[in-house]
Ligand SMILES: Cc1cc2nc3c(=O)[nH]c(=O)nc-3n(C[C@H](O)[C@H](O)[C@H](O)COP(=O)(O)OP(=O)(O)OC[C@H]3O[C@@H](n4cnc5c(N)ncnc54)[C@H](O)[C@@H]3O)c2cc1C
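A lone chain, given as structure tokens: the form predicted alone.
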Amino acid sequence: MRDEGRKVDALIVGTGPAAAACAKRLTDAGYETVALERKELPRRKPCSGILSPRGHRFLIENFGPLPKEILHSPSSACGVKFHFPSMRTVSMEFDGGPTPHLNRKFADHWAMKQSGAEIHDRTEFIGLEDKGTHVEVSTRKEERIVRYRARFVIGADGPGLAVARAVYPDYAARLPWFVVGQKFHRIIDCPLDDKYFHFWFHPELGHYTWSHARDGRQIVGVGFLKGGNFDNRHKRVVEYLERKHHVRLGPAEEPEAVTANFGPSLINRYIFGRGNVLITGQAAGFFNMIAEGMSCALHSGAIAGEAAVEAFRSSKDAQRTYRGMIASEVRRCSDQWNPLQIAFGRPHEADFRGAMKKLTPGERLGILREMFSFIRLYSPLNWGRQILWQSLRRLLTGRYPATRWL
């Protein structure tokens, strides 16, 4: 006789922001929900931890006041500073004032516990089989196989893409993968304002370069196409900060690095699942500009939960429901990368256009030139025409075409 395993209404793979938001919608509607996490909780999560205003509002409205123990020091960030090779700086405040600086190890675990879902940690997702009426899931816990049976499975496992790979085995091979890593340094002298997240539009430093203060130390982070040397690139940035910004730091300690699926939100190539399997958060491709993924993970996760609830209650097709509901989050996220929206709209929660207006015409022209020079770093990925075409479709139709989604 076949072991059908634990029966639940919904099974979520992952325990990050998308998973917590999805679980909250499901449990609030009365559906039995289990969330799986392959590591022991609370688990460490490589992340800057700086949340957007929209994500901050979502946490408070859905999970309540943020306890002090889930915050780093400084406990908040006022905004973002863009730095350019010419040594020009554009400073932008967050809409509505400072936002939290989350300690992801404890913040994610707090949100999951607040969601009301049953959490099974040290449980690794292995595979699934969609039977039409339900999904059968296999996992591994302490060297034994544990099975689950759920009406819906939600993949909210970030760049691990375990669920996405199970549904579309060749999907991950289509993506350009980036290494995103950061190291922590004792501060000897750091003139960079510790109330801001600092980002460099500098092609010689890498595809994504940032720094900010955390718990008495300075983070120096780099992002680059997979295959590069993390230590060498990090060293180059540290030397640049000392040479150009007079930042003096102690030896690096506690390195963190992760391979990230950065790119789908730029070119509207999201993956939302198939049948009774929904994919959300960064696993689906959501990633805001300056690589803040928590707010769009929270909102897309909530939408996945709402779509599942709607399918439970009305027997509507879950995929059709989800894709109809998620279109608004696609617009919001992809708009942040859309050059037409950046030039003529206001897609961000830090006012870039307003900051640019404070500069002289010559300074504005110089910064635009430096930004375009930086963007050329991405030319080997052949995103340019795709971004332009998607931008024009958005302008003409008011949306991004769903035909590009999996």
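Residue indices: 1-based, along the sequence shown. Just so it is clear, the structure is predicted and the values come from calculations on it, not from any experiment.
Although not depicted, the form predicted in complex with this ligand is the subject of the following passage.
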Exercise. Answer with one of 172, 192, 258, 146: the residue that has a non-hydrogen atom within 4.5 Å of this ligand in the model of the complex.
Key: 258
Quiz item: Out of 123, 321, 91, 114, which one falls within 4.5 Å of this ligand in the model of the complex, going by heavy atoms?
Solution: 123
Quiz item: Using heavy atoms and a 4.5 Å limit, would one call residue 85 a contact residue for this ligand in the model of the complex?
Solution: no
Quiz item: Could you tell me if residue 153 has a non-hydrogen atom within 4.5 Å of this ligand in the model of the complex?
Solution: no
Quiz item: Heavy atom to heavy atom, is residue 272 within 4.5 Å of this ligand in the model of the complex?
Solution: no
Quiz prompt | 4.5 angstroms heavy atom contact with this ligand in the model of the complex for residue 182 | solution = yes
Practice problem: Tell me the stretch among 333-341, 364-372, 48-56, 25-33 that has any heavy atom within 4.5 angstroms of this ligand in the model of the complex. | Solution: 48-56
Quiz item: Which residues within 128-163 place at least one heavy atom within 4.5 Å of this ligand in the model of the complex?
Solution: 156, 157, 158, 159, 162
